[in-house]
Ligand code: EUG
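Presented as structure tokens, the chain that follows is alone, the form predicted on its own.
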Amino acid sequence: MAVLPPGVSQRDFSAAIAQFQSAVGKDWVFTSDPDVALYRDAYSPAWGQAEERLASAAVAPDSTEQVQQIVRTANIYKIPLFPISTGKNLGYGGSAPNLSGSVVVDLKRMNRILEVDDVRHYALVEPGVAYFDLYRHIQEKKLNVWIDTPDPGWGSVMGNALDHGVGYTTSQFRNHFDAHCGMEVVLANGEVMRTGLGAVPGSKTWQDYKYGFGPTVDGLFAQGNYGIVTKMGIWLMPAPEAYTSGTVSVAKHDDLIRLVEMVNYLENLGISNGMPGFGFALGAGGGRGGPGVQPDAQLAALLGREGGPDIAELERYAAANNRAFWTCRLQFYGPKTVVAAQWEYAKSRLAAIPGSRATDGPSYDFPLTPEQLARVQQVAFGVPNMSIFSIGARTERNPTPSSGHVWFSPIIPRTGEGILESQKVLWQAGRDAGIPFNRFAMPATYYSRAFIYIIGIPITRNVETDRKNRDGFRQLIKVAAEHGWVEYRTAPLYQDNVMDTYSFNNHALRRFCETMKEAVDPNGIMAPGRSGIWSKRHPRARA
């Protein structure tokens, strides 16, 4: 199953493996087929097919110094490396490399929590620290901070931030790369660099101020291939006193435009500071705006109509059945009297939409009791868990679950018009590509200034179906880009396709990145092909 790195002889590969073993110990270099198979993408859309990306070996260092030794050896033998933090990035590539034959640098053993400050509200962690680890540390030390965690909680705090991952609490923390502050990086030549104020020996504010002096280079290592990040600061949320929530519903299809506009105002002003959730109230799932209701026969017929539902008929159905068309759940964290006042103010603003209704939601004082914690969406309260996997589990309603999924996740404007246009266009594009999905799928609001569609394309392990879905995924990327909506994150199999859409001025962005790649990584060893950035040693092969 394992494959040699391209352009590397068996003799040189064996010599490199021996040096990796000398650096980290024989037990932490993996070359057998069963061991290397663990680094396959469990959700690969090309499982067992020629397009699948496979590692040649894996090595698990325990320290920055060991990472340096691995990188120096890779330069000698021209071995391509692919660093992962914990390799749990399912739906976006998992632990598999962009270039088959790469050696995975598995940083799971570098799992030290170096510092947590609950007065200045930050942590300094290594790449192997999972959200579960940091949460347990905070709980055991009884520290007065929360983490912001994504779904699921087994992933790396650092790795999720570096791949522009997101969470669920307040806007300044749920954008995880935005909340990072300061990095230590092993560069492609084996040197160690610290970014921001960490470049000053003895700096007292490395995790407080991210810019430092001169160019800010941290972004080069997010979805990048210029080095291996071995330490990173992350800002934490001060533990709030209380939480409250509420839902606003509107009656008409076009009311979504004013609803989004007003929610944006409330969040950008800091009135509503939790993650809002917009929902299609006539759908069975309801979206992030709250629970929906299983459609009756009449509504099911309207929603299932060939060519798409008629909006006027849906509005008449909603009016006749006293149902809303759209909803939005708002969340507030802070002092008890403040969050109550913020919700009251939000209701007064949203009442300007004719026919809107506001419904009070759950309110809590912290800390939550075990009974309360069992009832809530735990990630919204900084508690990591694995419940997200229940979505694809085998149930009575889903007796034949897929073998995973790959996420299609374009960024769209944070407007009601943006939702309505993208719903229509992407639904039709999905039908044309043979990948049907919900006509009224709602975008996620992890970012406070843009929406993300998170649509799962199933993995079946059927060769023809997965090939069709791969072709369809690439078509979705193209159609979305033609409308100005582009992916912010994708699996290795599609990263060249996505980077192709960033084509302003004859792909000036990619040309700049690849020029820099040649300068800092002339041997092309650092994650070749990551984000569509290749080198002369490993030129881009278009899919």
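Please read these numbers as outputs of a predicted model, since none were measured by experiment. Numbering starts at 1 and runs along the sequence shown.
Below, we refer to the form predicted in complex with this ligand, which is not included among the displayed structures.
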Residue stretch of 178-186, 212-220, 446-454, 424-432 approaching this ligand in the model of the complex, non-hydrogen atom distance within 4.5 Å: 446-454
In the model of the complex, A351 touching this ligand (heavy atom, 4.5 Å): no
This ligand contact at W28 in the model of the complex, heavy atom, 4.5 Å: no
Non-hydrogen atom contact R53 with this ligand in the model of the complex at 4.5 angstroms: no
In the model of the complex, V338 touching this ligand (heavy atom, 4.5 Å): no
The unique member of L107, L236, V166, A130 whose heavy atoms fall within 4.5 Å of this ligand in the model of the complex: V166
Candidate from I388, A242, I257, V376 lying within 4.5 Å of this ligand in the model of the complex - any heavy atom: I388
Heavy atom of each of Y43, D471 and Y494 within 4.5 Å of this ligand in the model of the complex: no
Residues within 4.5 Å of this ligand in the model of the complex, restricted to 81-103 and counted by heavy atom: Y92
